[in-house]
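First, one chain by itself in C-alpha cells, the form predicted alone.
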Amino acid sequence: MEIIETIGLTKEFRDFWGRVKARALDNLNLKVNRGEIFGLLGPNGSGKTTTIKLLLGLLFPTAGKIKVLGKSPRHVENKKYIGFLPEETYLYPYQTAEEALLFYGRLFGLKHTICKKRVQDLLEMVGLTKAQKRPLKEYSKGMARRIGIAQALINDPDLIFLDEPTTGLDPIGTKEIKDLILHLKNCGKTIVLCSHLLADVEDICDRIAIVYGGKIRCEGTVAGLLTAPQRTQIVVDNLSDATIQEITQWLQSRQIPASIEKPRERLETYFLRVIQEARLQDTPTSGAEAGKIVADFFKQPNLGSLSEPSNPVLQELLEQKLTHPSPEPIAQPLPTTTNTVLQQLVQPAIEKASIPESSTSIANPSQENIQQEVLNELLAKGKGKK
C-alpha cells in the first residue's frame, strides 16, 4: 500500500515577472510503500529538498498530483501523523533540551503527563539526559542534531521525513541513529531518508531512488541495484598459503581471471569496537552519551492513521450520536412567589430572555412602564420608613 504517491509532479521557481528561473522537479513519479525505509538520493540541487517540502505541503506544485497518507499534503489532520527533521536544526537557543521537547509536544496537543514522560524517554534514547538542563546555544552541532531527531519523534508519527539525519554526529551517534531507524521500521513506521552518506543509506534502506535534474534516474531495491550478477565472491576462513597458491594455479589453468586478497574490515566497525573496549574500562566522557533505551511508545505500531479505517465500534457510536442527538435540557420554571413586587421585577427579565435574539432590539413600552412603577414604589416605601 502506497503511503506516498506523486504523479507528474513538477515544480518551477519563477521571478517577479513570472519567468521560469529554475525547474526543480520535472514530471516526477514516486511511490513509497507503507512500512519501508525509502532513500531519496542525489547531488546538491537535484530536487531532493524541494520534493520533501512539496510532500509536507510547504510548497505548492506547478503541476501534478500528490497524495500523502491518502490525502492532500496540505490536509491539516495529516500533520499529527508526520514527523520531520529538516536539514538544518532550528531551535530556540535559550531553551533547554527538556523545554524544547515539551514545547513541541504541547504543539501536538499531548497531555502534560504524557508529554513529560515522552520527553524523558527521548532524551535518554538520544543520550542527552545529563545535558537536558543546558541551554541549546551551548550544544555542539551533533548534540543539536540529536535534539532535532527527538523532536521529530515526539508525536509518535506514522510517516517520518529525515533530511540528513546523521550530519554532525560522531560514528557512535550515527550507528545509534541507524539502529533507531531500523527499530522504527519494525514498529510499522515509514521513513523517507535523504542523505549524502551513501554507506548509511546502503545499510538501512529497503528501496532507493536517485534524482538528478528533477527526474528519477533509477529506482529499486538496494540489493537489486547493487548486486553484480556476473561476479562471484567466495569468503573462506583460515586458508594456508599453500592452499591459496593451489587455488590460484587451478584458476589460471582454466583461464579464469580472478584476484585473491585479504578482506578488509569496515572502518565504522573497527572504530565502534575500539570505543566499546574503552567503555568497558569505564572511561569518563563529556557531552552526549550513548542512548540506552528505546522509548516505550515506539514498541508497538501506531495503527491510528488517517489512511486506516477507524474503530468500527467507536464509529458506530459516533454515527448514532450524530443521527439521534441527545435532547437539549429544558429550562425549569422559576418557583412561584407571593411577593408581588419581586415577581414584577423578575418577570420582565424572564420574558426578555425568551424573546429571539433578532427581536431583542425592539423596545417594549409596557415592560419599561412596569419596571419604572416598581422602582417608584420601592423608593416611596423607603422614604416612608425614614
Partner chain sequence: MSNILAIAYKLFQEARQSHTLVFFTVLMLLLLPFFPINLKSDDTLKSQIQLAITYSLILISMMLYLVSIFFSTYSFTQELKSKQYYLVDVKPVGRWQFFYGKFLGIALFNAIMLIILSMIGYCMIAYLGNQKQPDDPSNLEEIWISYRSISPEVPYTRINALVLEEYQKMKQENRLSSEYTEDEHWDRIRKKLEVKLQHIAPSFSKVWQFKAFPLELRDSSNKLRLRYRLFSTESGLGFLCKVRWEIGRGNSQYIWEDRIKPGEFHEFNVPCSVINVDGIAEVRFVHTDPNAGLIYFPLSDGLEILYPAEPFWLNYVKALLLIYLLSCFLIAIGLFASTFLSFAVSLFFGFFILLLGVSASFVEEITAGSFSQQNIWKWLSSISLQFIFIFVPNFDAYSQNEILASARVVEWRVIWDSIWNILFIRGGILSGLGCLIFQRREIGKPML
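Remember, it's a predicted structure, so these values are computed and weren't measured experimentally. Residue numbers count along the first chain shown, from 1.
Another form exists, predicted together with its partner chain; not displayed. Remarks below refer to it.
Taking the partner from the other structure, its partner chain in the predicted complex has no heavy atom within 4.5 Å of any heavy atom of residue 196. For the chain shown alone, residue 53 is a contact residue for its partner chain in the predicted complex, at least one non-hydrogen atom being within 4.5 angstroms. Interface residue remark: residue 95 is counted as part of the site for its partner chain in the predicted complex, having a heavy atom within 4.5 Å. The shortest heavy atom separation between residue 64 and its partner chain in the predicted complex exceeds 4.5 Å.
Only one listed stretch (107-115, 207-215, 165-173, 188-196) carries heavy atoms within 4.5 Å of its partner chain in the predicted complex, and that stretch is 107-115. The partner is absent here, but in the predicted complex a heavy atom of 137, alone among 130, 141, 137, 71, sits within 4.5 Å of its partner chain. In summary, among the residues 156, 99, 121, 219, the only one with a non-hydrogen atom within 4.5 Å of its partner chain in the predicted complex is 99. Along 35-66, these residues reach a heavy atom to within 4.5 Å of its partner chain in the predicted complex: 53, 56, 57, 58, 59, 60.
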